[in-house]
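Before any questions on binding or motion, here is one chain by itself as structure tokens, the form predicted on its own.
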Amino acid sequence: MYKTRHAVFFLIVPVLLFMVFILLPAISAFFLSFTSYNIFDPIEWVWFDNYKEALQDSDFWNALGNTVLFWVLATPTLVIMPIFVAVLANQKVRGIRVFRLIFYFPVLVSVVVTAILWRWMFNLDGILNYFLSVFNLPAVEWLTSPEMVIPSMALVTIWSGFGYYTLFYLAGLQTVPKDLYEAAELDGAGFFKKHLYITIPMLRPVIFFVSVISTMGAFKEFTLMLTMTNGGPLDASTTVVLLVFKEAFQGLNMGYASAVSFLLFLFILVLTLINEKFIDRNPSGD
């Protein structure tokens, strides 16, 4: 009984924080999505008008297209490539700690500092175009071209998040029984086959977790877009979250912004369920 009381005591603070900072704001936003609330005028109930307006708004579909493109470019790389790096970082070789530190270092840099650093590198006269000029290649308009701005932002996200997701795979590799590898070696399996038939299946729950949180991170990306391009050029880097920010805090259209937020929530929920069906399913098919 005393264990139950201790458990309840330790859960009180997290539950209160969850309710105050997550649950109540979410319920309030859901309520506002059915109103025309704009701070100055009294709240008026408009039912599904905000959702209908969003689905007929070209700005919303442009922002959703930019967000999906950003997710397609960034998330697969952040889910797949860290597996290989984690396998290499899990080897017992000399200097491996330095190798791990190099990959994790970008995670320690704040998002704003990362944005300032990469914006300088992406300048027309920046270091990236300098290296291209060394090979007689033309300069690239990394942040000023509507076609290049989302791939450039995806590159920054991959650089900053690579070490973070590698850590999850490194932790997952510690749980893989060593005798499985030893048995595979006795059967003549090489380095590639061992990791293809043992490591990848054993890391399936971690892969599902990384795919979910990297998908959520891609769809919630905001700070990089705001500090590096503010949605430009020509709204080519305006994501759904940045659109919500502009509608809510610049246009003071709280009801419409709340409706767009819940449309984004539904989109992420559908993607998560698809991920669960194809990645987190039981390999036996049960």
Partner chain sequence: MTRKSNVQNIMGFALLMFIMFLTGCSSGGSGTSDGAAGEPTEDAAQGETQEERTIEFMTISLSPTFDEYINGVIDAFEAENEGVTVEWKDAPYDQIEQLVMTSASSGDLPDVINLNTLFLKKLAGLGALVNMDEAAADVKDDYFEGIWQSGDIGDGNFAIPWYVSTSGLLYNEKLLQEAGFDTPPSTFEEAWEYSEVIYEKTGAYGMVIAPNLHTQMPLHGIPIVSEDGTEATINTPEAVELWTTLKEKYDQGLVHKGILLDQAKVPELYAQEKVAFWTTGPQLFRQVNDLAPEVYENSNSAPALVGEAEVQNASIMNLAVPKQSEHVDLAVDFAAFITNSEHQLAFSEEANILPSVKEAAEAEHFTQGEDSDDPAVKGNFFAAQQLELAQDFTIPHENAGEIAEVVNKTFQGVLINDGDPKQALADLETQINSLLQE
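Note that the structure is predicted; figures quoted are calculated from it, not measured. Numbering follows the first chain given and starts at 1.
From this point on, the text means the form predicted together with the partner chain, which you will not see here.
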item: One stretch from 92-100, 196-204, 140-148, 79-87 that, in the model of the complex, holds residues within 4.5 Å of the partner chain by heavy atom; value: 140-148
item: Touches the partner chain in the model of the complex: residue 248 (any heavy atom, 4.5 Å); value: yes
item: 4.5 angstroms heavy atom contact with the partner chain in the model of the complex for residue 55; value: no
item: Partner proximity in the model of the complex: residue 25 to the partner chain, non-hydrogen atom cutoff 4.5 Å; value: yes
item: 4.5 Å heavy atom contact, residue 222 and the partner chain in the model of the complex; value: yes
item: Heavy atom contacts to the partner chain in the model of the complex at 4.5 Å, residues of 9-42 in sequence order; value: 21, 22, 24, 25, 26, 28, 29, 31, 32, 37, 38, 39, 40, 41, 42
